[in-house]
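Let us start with two forms of the same protein chain, each given on its own as structure tokens and named structure 1 and structure 2.
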Structure 1
């Protein structure tokens, strides 16, 4: 977990504002959910590996250890590990007050008790958009278009939108000869392909299904085929509509000719969460080892969370990784006034005049004279003040002069 210095916060706010403006322009509406959720909801099995990384909160009613039978009974709340689980609960609770379909924009911190490592934080910000209530692939196309626009608005360029479909993965596993009940286990292994390589995947697949299945799976994947070719090599295991849908999604994004954006089918894309039911996507960039955004369709999750059976699809931007890719902001130039005054002077007139300057767009800070201007003025200039008002109580009208490091 990190502290952020003022310059870092300004950078983050700039990036956040750029994302938010684009998403709002698409009609996504900001919502807010609490950081803590009931543990039962966070540990439903849909969160994949993240469920093992929950910060769990001690019950407030315990007076003595003897009151509980085991560790599980100690805790009742947890810090959310993503924004999707809270959104589905939110929608189940509040859908009567929300438009249909509902476009949700949620920007907020999430927590995962990971071992500290480069580029991974235990508290980090996610920026999610979700479209609930649209079953057609217009939802996927819109989410990807909006996300490309949002990322480009931050100044990012040269990124790739990778697209796949859970049903392609299921056909791939089945078409390679694995039994259907091992699908999830095979996909967990396949998800490690970029970390352990084909040989590593083959090793880990060996205990699952027929020895030839792993070889066949890797053989199909190594072909780097487009969707249609892959469908052909799976010999009917893949529904034609799924392949056509994926092609339509990619075509609609490509057809917008977004500069600096590539769109690619990636049959090896898995995504960790258990809840996806259709198209899945990730955004990658050469400057970042992990993905900077990811998402997909999760049509059954809202109903599982106690809400209506509503189709749903979303994209989440990993805010920290995005910020790490972007150059820091320059301090905006000019108009930062420091008012130098003696200790003990009556501050009313000074503050009134400063207020007028602020109304004109200046940032105005006070500083008490130290009596050593040769030291104090360069220090104030180094702190970013570029105008000086050397305050004289006899003349409380602002008189600004430039302040530089040479003062």
Structure 2
């Protein structure tokens, strides 16, 4: 949990506005969902490791705790750990009043009981767009295109869109010799490859048995093959349309010739959430130790939230990591005015003239004169003011002059 100073808030608002403007331009409509969700929904088994990081909320009707044997009975709500699970509940509840397909934009805080470190916080902002009701690969292409444009609008460049498919991973696990009932456990371990390396993955797969399967899995991944080559090495375990779909997604994004954007297939990309059913993707940048955006297709999740079985796909930008990557935005010079006035002055005329300045696009702040301009003026300049109006009641018309640290 963090506090943000005024300059940091200005920077975050600037980044947020840039993202939101692009996403609105693609037709995504802002929605809001509650911070709290029913625990049963948050712990459905689809959230991967995040389900172990939920902040749980005590029930309101607790009276006598002495006979409670199961601590889980003390809680019935939890703070949301992402925006996708709440969205599927929202859609299942409100689909009759929503367009088809539905383009959703959510920007809001989520909570995870992380061990805090740079880029990983217990409360952080996510920026999500989701497209519900379109089964074609046009959804994936649109989401990735919009996200690339949004990131570029913030000033970010030199990032890579990594693409894979959960069906590729399932075929990879099966083709390596693991039984089907171990697929999810194998993928949980494989998702740690970038953190623990091949040797660490092999060690963590060892308790599952099947050492030959583990060796073959790592051998296939070490080849860093393209989609077609990987499909061939799996001996028909991967459907041709899956490989063709990935190629089509990558080609459509690449063909837009987005400057500063690379697109690549990555067979090691897993995504930790268990709800993905098709293409998955992440955006990485050399300046960040983790991904700055990620998402994929989750066709069955809305039905699990009690709604119709509709196709769904989404992408989430890690707002905190993005802000850490971008240099703080600087307000254009010559627009921040400080009005210096005596303590007993009549404020009506001053505020009236200040309102006119604001209407012309200036930021105007009052400051009571201390009688020590040699100290007060440099301090005001250090706070970001670059114009001074030394107020004189006899001359209510603003007379602005530059304010510098040397004043």
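Positions refer to the first chain, counted from 1. No experiment lies behind these values; they were computed from the predicted model shown. Between two forms, the rigid core is defined as the largest C-alpha subset superposing within 1.5 Å.
- Here the chain taken from the form predicted on its own appears as structure 2, while structure 1 comes from elsewhere.
- Residue 29: CA moves less than 2 Å between structures 1 and 2 after rigid-core fitting.
- Put the two forms on the same core and the Cα of residue 392 is off by 2 Å or more between structures 1 and 2.
- Core superposition places the C-alpha of residue 344 3.7 Å apart between structures 1 and 2.
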